[in-house]
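Only one chain is included here, represented as structure tokens and corresponding to the form predicted alone.
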């Protein structure tokens, strides 16, 4: 597969009467975007605003983040979701790099999350650096929680596609090419390099805990090999809206840094043999089946080494170490990427499960670390929603509009695919 991404670097975003890019400034047809989303009869109202790096603006509660793009060689949109199925991973796509569609709306249950564009909060979220088109979506009255989330999710994807129309005729600043042939061909090119696979665990546990691949709810499938270009070309969509810190937004799937880093090393230090999507289920039988199947796939692919990234924490920690144990038992070297839930003082047990084989572990931070965020000049959404997100609590919103929350509440703060601002200090 060969995917060419035409990167258009966005330096500002403004409202206007058309979707266009000129000299790095993205213009969004705000009224056109609203009208487009209101074509769905289940969408009652839409509001659009902008949040830029350095603005004293707080966005809460965030549902998803989407990178706007325009596809030239397949139907434009998200296959299996907003458009009929088309294979992703080949052809040309223009990307509005630095722009992001951020969806917000009424919370359903305990739901994320916070993005601050300035100050202490901005240090913890990567989306303080993007030029955000914030879309506030209100479904019609009387829908149940599942339908509510579907309406908002689909509206966000449609908004990302609509804004992405600006990329069609824009001047491209850089072209990135992602190309990986069949495994047999790549093995013949690099016979002396270790074959490395990437196992991507995805939350798959029901309402607010879902991920979709080509429109398929991944909790309905067994672990599946896929070409890394497919994820980079928008085949995977987030439906996970609980712990903001380590959910993988649709934007982060589209730009997965672990996939990009493995690509960078392909043909140099490793032979990259692709990705495996491994659903995280709640039933014990489901966990055994998926972990066994994941390890079997890696072995049958001939992997010498595997990187495993988690999404979420708690019961998925068991899936993580179970996969590790099964891989190491098969003689496959395994490295894990996870965050920790170590309590406010950092002294609690970091994972809910352990295995002696888990000797190579990368931590992306402690989800329970408490941060204090100063009042915003402008709030997009509902500030009181911070009290009902994971990492917030009754009374965490100060009378002056300040917040005291765990990193749990901050979008992307401890992303387990490495798409975050935190770093590790060695002593």
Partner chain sequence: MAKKVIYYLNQFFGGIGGEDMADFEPEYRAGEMVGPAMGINAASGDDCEGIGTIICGDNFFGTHEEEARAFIAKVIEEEQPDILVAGPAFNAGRYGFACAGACSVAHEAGIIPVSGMYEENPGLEHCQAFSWVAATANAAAQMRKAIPLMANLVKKLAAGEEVTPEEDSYFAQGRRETVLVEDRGSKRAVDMLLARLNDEEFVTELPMPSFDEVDPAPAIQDLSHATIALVTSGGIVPNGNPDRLQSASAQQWNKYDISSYDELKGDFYTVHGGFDPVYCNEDADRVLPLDALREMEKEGKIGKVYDLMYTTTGTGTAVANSIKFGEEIGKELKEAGVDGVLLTST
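Everything numeric here is computed off the predicted structure, so don't read it as measured data. Residue numbers count along the first chain shown, from 1.
One more form of this protein should be noted, the form predicted in complex with its partner chain, which is absent from this view; the next part is about it.
Residue contact with its partner chain in the model of the complex: residue 267 places no heavy atom within 4.5 Å of it. Taking the partner from elsewhere, residue 344 is found to have a heavy atom lying within 4.5 Å of its partner chain in the model of the complex. Using a 4.5 Å cutoff between non-hydrogen atoms, residue 7 does not count as a contact of its partner chain in the model of the complex. Using a 4.5 angstroms threshold between heavy atoms, residue 328 counts as touching its partner chain in the model of the complex. With the partner omitted from this view, the residue of 167, 99, 306, 114 that lies near its partner chain in the model of the complex is 306 [heavy atom within 4.5 Å].
Three-residue candidate spot 53, 72 and 216; no residue lies within 4.5 angstroms of its partner chain in the model of the complex by any non-hydrogen atom.
Only one of 81-89, 347-355, 159-167, 228-236 places residue heavy atoms within 4.5 angstroms of its partner chain in the model of the complex, namely 347-355. Along 112-131, residues 123, 124 each place a heavy atom within 4.5 Å of its partner chain in the model of the complex.
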